[in-house]
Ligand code: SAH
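Let's start with one chain on its own, the form predicted on its own, as structure tokens.
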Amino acid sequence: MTIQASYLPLSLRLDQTQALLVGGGQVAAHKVRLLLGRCKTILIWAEALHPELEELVKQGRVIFRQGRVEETELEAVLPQTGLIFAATDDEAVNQLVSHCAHAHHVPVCVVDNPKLSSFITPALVDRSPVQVAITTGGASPVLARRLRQQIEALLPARMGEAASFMQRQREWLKKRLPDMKMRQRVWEAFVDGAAYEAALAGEDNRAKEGLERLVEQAEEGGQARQGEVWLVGAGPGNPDWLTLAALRLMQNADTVLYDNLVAPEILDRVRRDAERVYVGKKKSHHTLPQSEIEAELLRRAQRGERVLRLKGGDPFVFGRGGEEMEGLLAANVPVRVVPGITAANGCAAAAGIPLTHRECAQSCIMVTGHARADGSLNLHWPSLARHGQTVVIYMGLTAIDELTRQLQAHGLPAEWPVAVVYKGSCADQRCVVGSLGTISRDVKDHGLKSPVLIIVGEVVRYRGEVMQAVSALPTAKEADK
């Protein structure tokens, strides 16, 4: 029976010691990247150097000893060495390094040879001083790398800055709050609240103010939590198109206010125990008037909740995010905005339609096709009915007859290309391509309903071939036959 090697993940301090790297090729260069900034000195012992390593030698960041490794010379180097990597393609050299390292009780890793090694290197997610190590005990390095990619996506890029800020406050907080349990509660509230978000953004002054408020609340025996609102764009609908920042805040929110443009697959990414409040708007039916949505955001933030206002597309593109932010800031409620892939960008890309093209469209205009109560549209038609541009119309399905009529009346020909994209980027996406003269009838024949995005312009002719099969879907009438 073979006994599998057992590994214990540890963090090894190297800033007071030398690391020895035997070998000077591409693999050695990979290991040097891992060691840079972590060791007092890095000694590379090799017969020749990779260009990347040569540059590091010129910069004085590593020491180079040229020549073949010999046992007597290696024995002389080991007493001042705290870590060794052997990264050569010479098996005899690797075995020599391993033998000497074990004899002197110096940790050694022979690359791709666990039997000769006393340690292995994990896949590392580095947000220094925060580091996450993933190891499979040498069983599957590829799996470890895949896990690292997933964890990379979950951790904020500037988490290290937030950790450094917290480290700088430890002595001050210890003097302010001698009780260890009370300090722990304050730090938990800090990491869960607005002050931590400020630290992530590099806003140290605002983070310190937030931490001081938490300390004061703890001293008074109150709740150590300040509320805030996050205006987050959920993109066009595909959950894979969410930003990393959006995913992180979705996992941290206490409450989420969402509308009908946020797909169920997106909501599945929200923290499971978060309260969900539907505030969606549909034609002639508003679950909550806009003023009441803004009041609800304010009320929840003022009672200490982290409120996620989740919007389809981008919150600042026909999402009324600006109005919501204005009222919150006036009430001194912290607001953070995370942009999303706009419906214009997302739906066009999913349908294979470039919004600009040097041959036919040097600009792109986004407008809303939401009709007034009397059915009219408040749009400047002469500026829209021009060649050399693309017009993207949000919320225009119910007014599509008026839209196409006005664009033709102001100068565009009946054969001018139009595409209508239904639920762009989602699994049930559909795209109907036609012209100003035919598109109203085409979308009715295909049975398209909201939400759709209308793209008007010659760029529709350049639609990617990979998506052409979508426009060939049978119409609703044909499907019934």
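As the structure is a prediction and not an experimental result, all values here were calculated from the model. The first residue of the sequence shown is number 1, and the count goes up from there.
From this point on, the text means the form predicted in complex with ligand SAH, which you will not see here.
Note on the partner interface in the predicted bound form: the residue among Asp314, Glu228, Glu197, Glu294 having a heavy atom within 4.5 angstroms of ligand SAH is Asp314.
This chain appears without its partner; in the predicted bound form, the one residue of Met395, Leu384, Ala349, Leu78 with a heavy atom within 4.5 Å of ligand SAH is Met395. Although the partner is absent from this view, Val452 contacts ligand SAH in the predicted bound form, with a non-hydrogen atom inside 4.5 angstroms.
Under a 4.5 angstroms non-hydrogen atom cutoff, ligand SAH in the predicted bound form lacks Thr255 among its neighbouring residues. Under a 4.5 angstroms non-hydrogen atom cutoff, ligand SAH in the predicted bound form lacks Gly210 among its neighbouring residues. At a distance threshold of 4.5 angstroms between non-hydrogen atoms, Gly434 is out of contact with ligand SAH in the predicted bound form. With ligand SAH omitted here, the record of contacts in the predicted bound form names 305 to 313 of 407 to 415, 82 to 90, 185 to 193, 305 to 313, defined by a heavy atom within 4.5 Å. Contacts with ligand SAH in the predicted bound form, taken as any heavy atom within 4.5 Å, map within 401 to 425 to Val421, Tyr422, Lys423, Gly424.
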